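There is one chain below, alone, in structure tokens, taken in the form predicted on its own.
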């Protein structure tokens, strides 16, 4: 009996010890999952943040998954949220695309978290829905406009254009020199939208309340000449014969290479490309410049600003507290420093206490005056919750000469109407 009791005590003690060890191990090890898009700079930033965080928190492991960008990636995010299969943390757009995720029903509200006090209001505005705030910025503020090759400009004696007519005159001179003047990469259709979307500062300058009227269903692209102009720009560039011959197959990475290596002069793009340019073409990055999409009149030209993407936590996560701690790290000066060391900085951070390094790339230097002189405004997708999903198809069609600008604008207005109704907006 005693032997049995001893054996039972020993077994119980061993079991308790194993249980205690197992419990300690469980308490000391948390695995978080993270979904990010497959752009090279996104992966580099995510991996750097994870590595730095794990170094400070050895009890936490973060596993990174990647997904495609553009519409395919949007569908993956929506599907995983709808089916409860989203990772603990995910990287996604702010602004109208975020609104399409129904954040009040799918994401964790971060508005009461102390670290949100460090986030600038301009960013909170584009990750808010109702009373909730749902994300922290993953990068500095960005802008849409025209990257250009400085060497080509210097060789041809060109100056940075202040008006659309000057831009087209530069294109003609570059074409005459046997160089593709405007790089387009329709192999990745999302890149085709930039020439239109980057014109929004100029639209707002002409129609100051366009975003408000647009959201209320009162202003349309087809019936607002300033908004229609973006579609017309695509047609004019196509008809001028300024684009690269492989426009239908060329992809985003091809566009960056052509720009950096001087195989093309202009690349309409958002400045989130600066890290990829700096990393992929360190010897040529100082040959790359940037300017805002020119308006009809020089005094009207300004910069269209893109708010950065954010990290979000789905309500279905089983590790919400641990995920919040990681976001606290991201939204800190230390998190900014990790990002600055991982990839080239492409604009001002939107987190209190974060500073730009002294050695920012040349395109960033071109970008900063627009912030200093106040000639900038958020892109339409950050002022309105509406952005139709077929815009990239329409801009490819107009830019390829298959559809007239007015027709594309009317189709886009109809696409937007469907989304506005899905969002339950009044006036539609």
Partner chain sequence: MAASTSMSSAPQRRSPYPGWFFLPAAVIYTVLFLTPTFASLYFSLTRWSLFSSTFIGFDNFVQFFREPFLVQGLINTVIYAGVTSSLKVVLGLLLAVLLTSNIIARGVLRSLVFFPVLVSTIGVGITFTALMHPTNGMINEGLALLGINGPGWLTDPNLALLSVAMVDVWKGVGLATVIYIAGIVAIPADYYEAARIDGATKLQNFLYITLPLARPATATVIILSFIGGLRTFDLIWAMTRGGPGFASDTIASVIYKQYQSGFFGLSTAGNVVLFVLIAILVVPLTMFLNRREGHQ
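Positions refer to the first chain, counted from 1. Keep in mind the model is a prediction, meaning the values are calculated, not measured.
There is another form of the same protein, the form predicted in complex with its partner chain; it is not shown, and what comes next is about it.
- This chain is displayed alone, yet in the model of the complex one of 269, 330, 81, 243 has a heavy atom within 4.5 Å of its partner chain; that residue is 81.
- Residue 101 is the only one of 101, 344, 259, 323 with a heavy atom lying within 4.5 Å of its partner chain in the model of the complex.
- Remark: residue 385 does not count among the residues lining its partner chain in the model of the complex, judged by a heavy atom distance of 4.5 Å or less.
- Its partner chain is not shown here, and in the model of the complex it never comes within 4.5 Å of any heavy atom of residue 360.
- Proximity of residue 337 to its partner chain in the model of the complex: non-hydrogen atoms within 4.5 Å are absent; the residue sits far from the partner.
- Residue contact check for residue 393: one or more of its heavy atoms lie within 4.5 Å of its partner chain in the model of the complex.
- Contact check at 4.5 Å (heavy atoms) against its partner chain in the model of the complex: none of 170, 209 and 299 pass.
- Proximity to its partner chain in the model of the complex, taken as heavy atoms within 4.5 Å, picks out 396-404 from the listed stretches 361-369, 30-38, 54-62, 396-404.
- Heavy atoms closer than or equal to 4.5 Å to its partner chain in the model of the complex belong, across 396-428, to the residues 396, 397, 402, 403, 411, 414, 417, 418, 419, 421, 422, ordered by sequence position.
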